[in-house]
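What follows is a single chain, given as structure tokens, in the form predicted on its own.
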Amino acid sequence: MPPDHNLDDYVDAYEHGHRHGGPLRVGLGGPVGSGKTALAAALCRTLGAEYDLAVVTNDIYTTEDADFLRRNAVLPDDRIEAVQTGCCPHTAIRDDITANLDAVELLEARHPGLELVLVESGGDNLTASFSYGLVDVQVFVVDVAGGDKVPRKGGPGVTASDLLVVNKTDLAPLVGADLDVMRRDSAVVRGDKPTLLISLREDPAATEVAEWVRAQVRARQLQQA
């Protein structure tokens, strides 16, 4: 973070929509095992040739998610930064975002033309949400294996995220989940905010999510024009 700014400056700037320049920052949050890292990898593969792209991952004590992305060669190593939160994942994306801001700014300094940064949270629960001092838009990922009751349970991640992704739809017949119920309940608790039901096994490119991200990038570029 530049020395002439403090955390409150950044939070105020985001909350009032006055952050100028820099890449679009997309937060990826959700419970453990919902498929956040797999979705991040898919988006890197799909969008990496279109945008100047980088990723920040969050784990409590390890760099496991960043290591997964590096092993799968979804981006060059210098475009992946790992944050070890040492605490509950939501703390580092919502309450004290300094470590994540530092990681994003390191990537911005390393790649001055950066257009898009994915910030993946460590696995958390339905209360997890990102500070808009850290990200511009946030995606919340739940999975069908958790049962079709998950959307109606609500929580800030489900109700307030800019995009809700219901992942692993291919598992629905195996776990007895009704996708129509999940789609209906998501609409009830989210109003007009979008929800996408996807399977990365059936669509490894995460086509619909990638198109949503493209739309957010275009909107930001128009805003900056």
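The first residue of the sequence shown is number 1, and the count goes up from there. All figures in this text were calculated on a predicted structure; none of them were measured in a lab.
The protein also exists as the form predicted together with a small molecule; that form is not presented, and the subsequent description refers to it.
J.: Only one of A187, A160, A38, L179 has a non-hydrogen atom within 4.5 angstroms of the small molecule in the model of the complex; which is it?
T.: Of the candidates A187, A160, A38, L179, A38 is the one lying within 4.5 Å of the small molecule in the model of the complex.
J.: Within 4.5 Å of the small molecule in the model of the complex, heavy atoms considered, which of C44, L69, L200, L196?
T.: Going through each option in turn, the one that passes is L200.
J.: Hey, in the model of the complex, is D52 touching the small molecule, heavy atoms inside 4.5 Å?
T.: No, D52 is distant from the partner.
J.: Does N58 reach the small molecule in the model of the complex if we count a contact as any heavy atom within 4.5 Å?
T.: Output for N58 is no: heavy atoms all beyond 4.5 Å of the small molecule.
J.: Counting only non-hydrogen atoms and a 4.5 angstroms cut-off, does G48 reach the small molecule in the model of the complex?
T.: Although the small molecule is absent here, G48 would stay clear of it in the model of the complex, with no heavy atoms inside 4.5 Å.
J.: Would you check, heavy atoms only and a 4.5 Å threshold, whether G33 touches the small molecule in the model of the complex?
T.: Yes.
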